[in-house]
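The form predicted alone is given below as one chain in structure tokens.
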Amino acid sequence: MKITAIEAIPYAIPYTHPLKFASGEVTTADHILVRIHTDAGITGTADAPPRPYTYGETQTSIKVIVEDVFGPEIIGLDPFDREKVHEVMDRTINNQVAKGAVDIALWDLVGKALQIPVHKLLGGYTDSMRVSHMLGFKPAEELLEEAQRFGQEYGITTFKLKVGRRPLSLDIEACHVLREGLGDDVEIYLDANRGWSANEAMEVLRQTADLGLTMLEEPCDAKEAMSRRRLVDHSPIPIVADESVPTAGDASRELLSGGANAICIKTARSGFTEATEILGLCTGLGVDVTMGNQIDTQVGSMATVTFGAAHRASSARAGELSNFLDMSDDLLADPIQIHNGRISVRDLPGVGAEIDEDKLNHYRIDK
């Protein structure tokens, strides 16, 4: 079997409302659908969500990298020879989301060729993951109403609160209101998206010390190495590296230098192959991992569930899997369902993210 073509299809689907956090605001999912075709008639599919304010990739750059830089070297290779594909991609620095999508599309293709679900190929540990829902920038009472609604409608009991605002009292108030309104049995953790300094983060931790918060993600820029290490040393809860660790090398740097003591894995930027390397590093060093969300569509969320459920360590915590609910529509032919706070893997060959072609034709922007 040989790869005959690779497509990077741009499309745009509006969100139901603007999503706001410390590193930016988005109103539309301007994504790329990557497809790898073979001479056996089997196609692998993956979603690539550009995040220009975080990784510097755009819809245009991903299309160009995938089709014009990777494509000519990948076409003609056997899709089972994934290491050869990675050798091609590794010649180009950065562009992690483009690389991650190609990798997931390859795994999807291989699973279909073997007639085996990819979550089984990766490890097959469990058949579902608990869901964590992200709460964006809103007044405290609106955040509580949203969390209560998601708890009632979907059975979700873990919430990631986006913080990083100034004055700090805005986020401190939100933490107190959520804990008081949701009770002690609901997990709450924070993500500042590099919005604070280390000293500001320590002040927030001091004023929320009695709330049972479980983690603080990217409180400040990882480049502030000394202050970040000081924060990790003095924090009573794990400091999670996210956008600072898109690769296994980045994860090893942050962990070994003391810049973090937990890691967020996102398949959208690591694919399944490098995500496996990051997971192995973390389990070897004995640090926790979370499965993160890059404001994924249902196609991307299905990839996260596929990888997360495959391993014991990545399924131990709730994964950030519900942000597709903020989209006005999606491309998945069989929409994801959240039951009792969990999303199940698909017992289908590949990743199980079959595309509704009519919707793709409607939302694609290169027609």
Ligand code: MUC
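Since the structure is predicted, the reported quantities are computational estimates derived from the model, not experimental observations. Numbering starts at 1 and follows the sequence shown.
Same protein, other form: the form predicted in complex with the ligand, not shown, and the subject of what follows.
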property	result
In the model of the complex, residue 324 touching the ligand (heavy atom, 4.5 Å)	no
Heavy atom of residue 51 within 4.5 Å of the ligand in the model of the complex	yes
Contact flag, residue 110 vs the ligand in the model of the complex, heavy atom cut 4.5 Å	no
In the model of the complex, residue 270 touching the ligand (heavy atom, 4.5 Å)	no
Non-hydrogen atom within 4.5 Å of the ligand in the model of the complex for each of 55, 295 and 320	yes
In the model of the complex, the residue from 171, 103, 254, 217 that sits within 4.5 Å of the ligand by heavy atoms	217
Option touching the ligand, based on a heavy atom within 4.5 Å in the model of the complex, out of 99, 162, 133, 228	162
Segment assignment from 244-252, 75-83, 142-150, 286-294: heavy atom within 4.5 Å of the ligand in the model of the complex	286-294
Residues in 258-276 with any heavy atom within 4.5 Å of the ligand in the model of the complex	266
